[in-house]
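A single chain comes next, written as structure tokens; it is the form predicted alone.
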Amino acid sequence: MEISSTITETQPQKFALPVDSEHKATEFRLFSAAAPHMRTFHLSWVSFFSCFVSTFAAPPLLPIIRDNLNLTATDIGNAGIASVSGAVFARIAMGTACDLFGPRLASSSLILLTAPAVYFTSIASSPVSFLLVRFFTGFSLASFVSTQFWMSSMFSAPVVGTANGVAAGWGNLGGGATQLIMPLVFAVIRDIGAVKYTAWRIAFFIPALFQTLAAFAILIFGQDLPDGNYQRLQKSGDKQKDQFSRVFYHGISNYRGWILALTYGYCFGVELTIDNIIAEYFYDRFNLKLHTAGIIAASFGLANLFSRPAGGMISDMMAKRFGMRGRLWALWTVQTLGGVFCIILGKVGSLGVSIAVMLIFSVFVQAACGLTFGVVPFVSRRSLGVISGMTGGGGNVGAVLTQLIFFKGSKYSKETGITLMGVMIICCTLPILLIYFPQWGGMFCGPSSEKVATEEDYYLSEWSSKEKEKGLHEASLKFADNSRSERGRRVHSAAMSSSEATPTNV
């Protein structure tokens, strides 16, 4: 797979991939491990994959765990909610940490700090202790934010949607892979001679070890930016240390970030919900064997192999032709169709049709996740981490609310809950219609006609005149110049006319 941009610049010799003025790669070469761009890509998705495996290691073994710990339906529901609720604020904090300290330290620190909770799952002895280990393990899902921040820092505008989509999609594969891995590991340990109530406990050492190794790989081989790590760049004066208060303010005051947080709550949030309930749903409703239910459930998460990356690629392709407006239309359309198929999934009653509809639903809802993070990198340059954290946190909030409303206890049957969840998806996708960029437009209208709005106007509005005098805005200037491709087919003619006071990039 190779995706090339239309940007033509004199390329420095020190990078294996062609780069733009920020040294972000303008090509995405999936099967390359070239440092720093593609090495960072592989480190990010593998580490995020390990966190997904750990967080959702319990659901495929729930039929065994619930008997061992005497868990009720309410206990299981509460534990599922706990597993995704911890990451709500952790994702927002992770975004800020990436902005201030860099994704390498932020990501590896979080993964190492949450690994002990995975080990402690093996000694859970009550509903409360089971809930607590799932809660603290779930914090690791905040590594998603560092993954998306990292990709947005390494890849240029024309390919950033693809990079974000593939990294997050392959990371999310962990939610499906663990549905296969954990029953298999459990079976091997049991066949060796352990009783089943001991075998499931030993099985948790596998995801815990995987997560630990992933964290050390990031520390040893990772790099924050194409030009180096934050600490070295700040010491050399090549990167200025930003103020937390200003970074945070410009993030939370941008309404586009809040809308994307809401809509992401009903694509990624729904994916997290399905990861928690789908194995038990098929096991109970269709009287399947544990291993069979696990295979079916795994197929939902494993669709991330291509569905979320496809969402990112569709976002980039739509932007190339229609600009940012194309990205927004694609996101709204795909996520709304995901809601429709979710409703259908709750209505069908046969095993074969349920599996087929679930697979179609998984493709749309996961592609919507990729499409969302085709838009996120352009909301703010200065507060990219905060916007990524808000959006990612919104995904967890959506998962928590959905499980509280529809899947906690016995108020609704699971099939009814799935149908109502589909309605929520459609309703919560509508606010995308309100997103508007003055320099690019929105779904129903083009750029501002009252005043000629440029990319520089938008991104430099995050900096005060005093900060500009110190040169702190230079990275935003380069990003604005490289974001002209979001005009779509207008870009060539617009760039050739009157030069629009384009800054000279150093």
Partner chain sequence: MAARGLLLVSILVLSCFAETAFGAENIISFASLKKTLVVSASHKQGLLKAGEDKITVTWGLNQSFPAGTDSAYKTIKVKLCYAPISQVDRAWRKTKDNLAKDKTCQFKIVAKPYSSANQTFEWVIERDVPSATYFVRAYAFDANDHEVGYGQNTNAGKTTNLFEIQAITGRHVSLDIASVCFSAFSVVSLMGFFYAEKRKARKSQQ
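If you're wondering where the values come from, they're calculated on a predicted model, not measured in any experiment. Take the two forms, find the largest set of C-alpha atoms that superpose within 1.5 Å, and that set is the rigid core. Numbering follows the first chain given and starts at 1.
Note that the form predicted in complex with its partner chain isn't included here; everything after this is about it.
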{"property": "Interface membership of Ser245, its partner chain in the predicted complex, 4.5 Å heavy atom rule", "result": "no"}
{"property": "Contact label in the predicted complex: Arg104 to its partner chain, heavy atom within 4.5 Å", "result": "yes"}
{"property": "Close approach of Ile206 to its partner chain in the predicted complex, 4.5 Å, heavy atom", "result": "no"}
{"property": "Pro116: touches its partner chain in the predicted complex, heavy atom cutoff 4.5 angstroms", "result": "yes"}
{"property": "Candidate stretches 394-402, 148-156, 256-264, 207-215 - the one whose heavy atoms come within 4.5 Å of its partner chain in the predicted complex", "result": "207-215"}
{"property": "Proximity to its partner chain in the predicted complex, single hit among Arg66, Lys478, Arg39, Arg29 (heavy atom within 4.5 Å)", "result": "Arg66"}
{"property": "Proximity to its partner chain in the predicted complex, single hit among Val185, Val357, Ala177, Cys428 (heavy atom within 4.5 Å)", "result": "Val357"}
{"property": "Residues within 4.5 Å of its partner chain in the predicted complex, restricted to 341-369 and counted by heavy atom", "result": "Phe341, Ile344, Val348, Ser350, Val353, Val357, Ile360"}
{"property": "CA of Arg382, rigid core aligned, shift of 2 Å or more between the shown form and the other one", "result": "no"}
{"property": "Rigid core superposition, Gly323 Cα moves 2 angstroms or more between the shown form and the other one", "result": "no"}
{"property": "Displaced residue check between the shown form and the other one: Phe101, CA, 2 Å or over, core reference", "result": "yes"}
